[in-house]
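The form predicted on its own is given below as one chain in structure tokens.
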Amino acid sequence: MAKKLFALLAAVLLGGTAFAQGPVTIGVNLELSGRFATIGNATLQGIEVAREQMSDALGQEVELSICDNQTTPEGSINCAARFVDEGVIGVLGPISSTMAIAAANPLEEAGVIMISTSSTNPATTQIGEHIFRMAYTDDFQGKVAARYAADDLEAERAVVFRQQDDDYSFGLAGFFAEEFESLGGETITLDFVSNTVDFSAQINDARGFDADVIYYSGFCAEGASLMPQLRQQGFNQQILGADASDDSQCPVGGGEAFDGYILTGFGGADVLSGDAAARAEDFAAFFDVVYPDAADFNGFTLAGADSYNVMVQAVNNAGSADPDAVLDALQNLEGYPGVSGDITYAGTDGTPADRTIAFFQYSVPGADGSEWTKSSLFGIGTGQ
């Protein structure tokens, strides 16, 4: 009997040791192909570089299980199902609200943590306690853009282009229009759907409105077609976009039609302050070593890195890979020194307590003789 008990105890201890030495697996659900592939791959590079800097959790190697959702809700749901089967400690991504909302529902039901790197639709984190984001929300992003249009540009009439079949674009357009109208302005909203290349009908509708400013809440896959058509038809008004325009597809695909285009997006070292700016600069320098020829380094890259960072930090804070303990650690995270700014989830719905959004402007051709450049104008914190 003593020998049997000793053998059983040894097996348990050895099994526990083997578990402790095994990898911590984090799922990555991103748009690596399809319409949002440029943003998805910039985000993945941020995650991978963050892992280079912090590759262990609780003394165990962190492994990434990467799934391409192909920029489709169905693909995102399939990735979520795969991660549930794999028993990952948590999931990073997707980038977009449509794909994030699709994945969040089955992950919440399964009790798996998800940190969307850049979903900005407020509904995403309202799905449940396991769902977090790294970004601000569109009620903030739309409002600051509307105030800029009304106060700084002194616009009184705005044409709003909205992708009708996308949660992000649809919601953001509504927040912009609501705020702009509350400031005394008038708006007209013109709808299109994904993969639209001919905007002649929408442009004809815009022609009779005599707008002072144009607001575009869509993605570069369609924006690269829309902007040249607007300029060719004589629309010379200032065009404002949002963080989905922080994508090289816009200036590369749309060319000089994007010269002077202003957009809101994740703030980087240029608009962050103090230690946060220094951390962003240090990360950018390290990133350049790992990916010296990267096409896009932007706020999505920083958001991807910090989504990874806080997930690993939560595991370390929990002192365990137990899902309930990691969830509790995330829900109580305060002042994590991220490369995109300090990150606090304590007392929130899974949206960081303070994020910095920046206003950027494209120059096409670039000011330094390159094909295009993007410069920071100023930043605004969500706590301001």
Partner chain sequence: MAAITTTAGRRAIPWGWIFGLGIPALVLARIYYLVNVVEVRDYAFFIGAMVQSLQLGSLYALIALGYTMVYGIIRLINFAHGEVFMVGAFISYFLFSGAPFALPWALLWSAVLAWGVAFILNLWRGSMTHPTVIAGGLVAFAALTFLLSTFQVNWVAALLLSMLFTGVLGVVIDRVAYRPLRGAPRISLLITAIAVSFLLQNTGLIVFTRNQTPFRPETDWTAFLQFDVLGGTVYTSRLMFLIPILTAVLVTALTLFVTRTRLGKAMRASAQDAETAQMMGINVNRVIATTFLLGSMLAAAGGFLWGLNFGSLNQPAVMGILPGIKAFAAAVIGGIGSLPGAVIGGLLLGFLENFMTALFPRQGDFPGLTEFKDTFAFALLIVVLLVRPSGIVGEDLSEKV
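Residue numbers count along the first chain shown, from 1. Note that the coordinates shown come from a computational prediction; the quantities given were computed from them, not determined experimentally.
Just so it is clear, the following notes concern the form predicted in complex with the partner chain, a form of the same protein that is not shown.
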Practice task
Sort through 103 to 111, 274 to 282, 190 to 198, 116 to 124 and report the only stretch with a non-hydrogen atom within 4.5 Å of the partner chain in the model of the complex.
Solution key: 190 to 198
Problem - Interface residue in the model of the complex among G254, G90, G267, G142, criterion: non-hydrogen atom within 4.5 angstroms of the partner chain - result: G254
Problem - in the model of the complex, the one of N78, N298, Q238, Q249 near the partner chain [non-hydrogen atom within 4.5 angstroms] - result: Q249
Practice task
Using the partner position in the model of the complex, report whether A221 sits within 4.5 Å of the partner chain, counting heavy atoms only.
Solution key: yes
Practice task
Determine whether any heavy atom of L64 comes within 4.5 Å of a heavy atom of the partner chain in the model of the complex, and answer yes or no.
Solution key: no
Practice task
Answer yes if any heavy atom of S225 is within 4.5 Å of a heavy atom of the partner chain in the model of the complex; otherwise answer no.
Solution key: yes
Problem - Exercise: G34 in contact with the partner chain in the model of the complex, heavy atom 4.5 Å - result: yes
Fill in the blank from the handout: Residues in 199 to 218 that come within 4.5 Å of the partner chain in the model of the complex by at least one heavy atom, in order, are S200, A201, Q202, N204, D205, R207, G208
